[in-house]
Ligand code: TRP
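What follows is a single chain, given as structure tokens, in the form predicted alone.
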Amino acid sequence: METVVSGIRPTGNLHLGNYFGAVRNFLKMQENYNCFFFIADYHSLTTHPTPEDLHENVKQVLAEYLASGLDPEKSTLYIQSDLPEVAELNLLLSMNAYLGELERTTSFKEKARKQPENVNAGLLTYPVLMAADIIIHQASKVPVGKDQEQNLEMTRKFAGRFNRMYKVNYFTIPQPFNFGDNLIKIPGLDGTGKMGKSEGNGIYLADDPKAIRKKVMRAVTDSGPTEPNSEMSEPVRNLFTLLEVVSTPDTVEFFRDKYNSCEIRYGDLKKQLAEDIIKFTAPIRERINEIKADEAYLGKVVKMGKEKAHESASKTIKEVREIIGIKPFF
């Protein structure tokens, strides 16, 4: 069975775009692959979160993924910092990662531009730590978004360089996981682009009904169709996309007919959409709150994930040390 590795950013609060994108794909993968999903708390340190925020974000995202259906019995779900082998492999790989290639990565240049007061070494060596996360489990596939494609290429480069330097065929060279055209792209409420946390245009799985209604009612629309069967503007098309994923087919057809006949009232559409989103997210939100309140269950999940990930990672580190020549004298 092929191994898949993917990191989960501990930024807290999954939105509908995450749910219909990464989460649903994780649920499919855990049925067919040997999956390692880790919460990347080391990576988040580049932005210097407070200790309270870091811990709460890890707890929140762990509860949200579990509530969404990630099964710790089917996949290995662990916290990055619980695996000291990752830090060791990061160090060993960094000895063969060069300043010029790290400085040229798009993600480093962009983050350095956005946070000029905090251009730390962790930002520069981000691709090295990402490589360690992946190849420590000998992953053959990695699901990546557009913003991480170059970093995966760096992973492939570091793994191949290690193999060439030490004249071994040890590390698996990972390939990007291609979901084809099956991804559902969820738009934001601001009229353009996809739903995202940084854009502030998202509806979160943990949002309560009041927050959902407020967000949806403020969603961007237009002045309405001026002639029958006219083409929808992007903001209105976005609302119909959301309607299609949370509402019944007859509801979608009703509002589409109203639009095509120039009788649509956007206020009615938004009210229906808000109630359908509330209905869709309610069981997930309730489960999130239950899991967050159950410290014993969270502890059990984290402990089990740590043990399963350690078994894989410790084997890799032991063999990498031997390949490099780091051997015990006693």
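Numbers for residues come from their place in the sequence shown, where the first is 1. What you are looking at is a predicted structure, and each value in this text was computed from that prediction instead of being measured.
Below: the form predicted together with the ligand, not depicted.
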query = Can you say which of 27 to 35, 57 to 65, 262 to 270, 40 to 48 gets within 4.5 Å of the ligand in the predicted bound form, counting heavy atoms only?
reply = 40 to 48
ask   = Would you say all of M130, D133 and Q148 touch the ligand in the predicted bound form, counting a heavy atom within 4.5 Å as a touch?
value = yes
key: The unique member of F177, F254, F162, Y126 whose heavy atoms fall within 4.5 Å of the ligand in the predicted bound form   = Y126
Option touching the ligand, based on a heavy atom within 4.5 Å in the predicted bound form, out of V216, V142, L77, M195 = V142
key: Residue contact check: R321 to the ligand in the predicted bound form, 4.5 Å heavy atom   = no
ask   = Do K315 and the ligand come within 4.5 Å of each other in the predicted bound form, heavy atoms counted?
value = no
ask   = Judged by heavy atom distances of 4.5 Å or less, which residues of 1 to 15 approach the ligand in the predicted bound form?
value = V5, S6, G7, R9
